[in-house]
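Heads up, the chain below is alone and in the form predicted on its own; it's given as structure tokens.
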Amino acid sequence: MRNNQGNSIGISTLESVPSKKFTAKKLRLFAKPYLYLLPTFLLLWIWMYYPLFSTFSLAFQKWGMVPGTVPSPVGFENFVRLLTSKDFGVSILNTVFYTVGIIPFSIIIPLILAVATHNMEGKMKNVYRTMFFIPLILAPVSDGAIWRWMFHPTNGLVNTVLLDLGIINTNIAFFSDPLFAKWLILFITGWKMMGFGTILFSAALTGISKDYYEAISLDGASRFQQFKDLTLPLLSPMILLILMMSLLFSSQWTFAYIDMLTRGGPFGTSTNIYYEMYKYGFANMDVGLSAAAALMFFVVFGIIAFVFNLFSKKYAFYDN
């Protein structure tokens, strides 16, 4: 009996060792991909999710970022202050102005440029596309300084040319004039973003098979009919993508030029929601108000993105 029991114990012990090794090996295999992803998850938490959750929390609190102080709960007071603020209402109207005004610069003009250069031969195609793309890679601080010099009220290039041509009699302070400031911010932002849309449309055009154009040409379609009946439908996914990006990011693109050239003035005529959030948080030291504005537009932009995804699935035409 003892021998039998001893043998049985030994056998069971030997049998249990491989199973433990097998379990540890499976655990390592299971955890290995997550260990590779761990640095990415940490960076996403530090730079995205933690600030997002903090914004949600601060939107219902009052805090001036003074060392030694702690945020105090105020409920929905920040949202009430926002909705009753005249400056916030002006910034929303300007945001709509920039959002709608940037569409010709992000879709219409880039689409025309991409189609015009698509059939070019040799190196000139790349030369033109590079010229269109250069403004996008310039730092806003550097090209903003160039635009500020060009429209300088005393010795700027634009004033000098207009005076020499006799179009104006006195110098114009363009960025301090309510008539010009907002339109110039829109124009400069559009000038910078044209290359972005041009490159995307050019890439999409490259993906369209030439066989389609040969087939539609045999049916007697003109160049305009080819563009209307073939090119536009096949570009519809890219058009909707760029349109969504323009609606979501146009105010963000204008922020740098507003901050550098007009500071939201004169009298708030060129500000937008992003610049107002910046002022609330870092000029007025009212973090709660800034977080409340950010939370409101987070919801609004989230709804816009969701609607556009549904719209794209329904109306975008894919060649597959």
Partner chain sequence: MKHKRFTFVTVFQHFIMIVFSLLAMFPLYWMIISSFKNESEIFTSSLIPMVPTFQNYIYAFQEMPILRMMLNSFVVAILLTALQLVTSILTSYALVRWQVKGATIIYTILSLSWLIPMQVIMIPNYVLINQLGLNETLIGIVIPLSVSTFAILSLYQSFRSFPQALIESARLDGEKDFFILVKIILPNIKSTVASLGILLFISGWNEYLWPMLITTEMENSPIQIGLRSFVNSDVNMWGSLMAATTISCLPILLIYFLLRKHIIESFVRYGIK
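Positions refer to the first chain, counted from 1. Keep in mind that what you see is a predicted model, and the values were worked out from it rather than measured.
As for the form predicted together with its partner chain, it is not shown, yet the points below apply to it.
Q: Pick the stretch from 82-90, 95-103, 198-206, 176-184 whose residues have a heavy atom within 4.5 Å of its partner chain in the model of the complex.
A: It is 198-206 that comes within 4.5 Å of the partner.
Q: Within a 4.5 Å heavy atom cut-off, is Phe267 in contact with its partner chain in the model of the complex?
A: Output for Phe267 is no: heavy atoms all beyond 4.5 Å of its partner chain.
Q: Taking the shortest heavy atom distance, is Lys228 within 4.5 Å of its partner chain in the model of the complex?
A: Although its partner chain is absent here, Lys228 would stay clear of it in the model of the complex, with no heavy atoms inside 4.5 Å.
Q: How about Phe76 - does it come within 4.5 Å of its partner chain in the model of the complex, if we only consider non-hydrogen atoms?
A: No - in the model of the complex, heavy atoms of Phe76 and its partner chain never come within 4.5 Å of each other.
Q: Using a 4.5 Å heavy atom cut-off, state whether Lys32 contacts its partner chain in the model of the complex.
A: Yes.
Q: Can you work out which of Leu232, Ala145, Ala215, Ile168 has a heavy atom no more than 4.5 Å from its partner chain in the model of the complex?
A: Looking at Leu232, Ala145, Ala215, Ile168 one by one, just Ala145 meets the 4.5 Å heavy-atom criterion.
Q: Ile107, Met150, Leu240, Ile172: which sits within 4.5 Å of its partner chain in the model of the complex by any heavy atom?
A: Filtering the options by heavy-atom distance leaves Met150.
Q: Along 289-307, which positions have a non-hydrogen atom within 4.5 Å of its partner chain in the model of the complex?
A: Heavy-atom contacts within 4.5 Å come from Ser290, Ala294, Phe298, Ala305.
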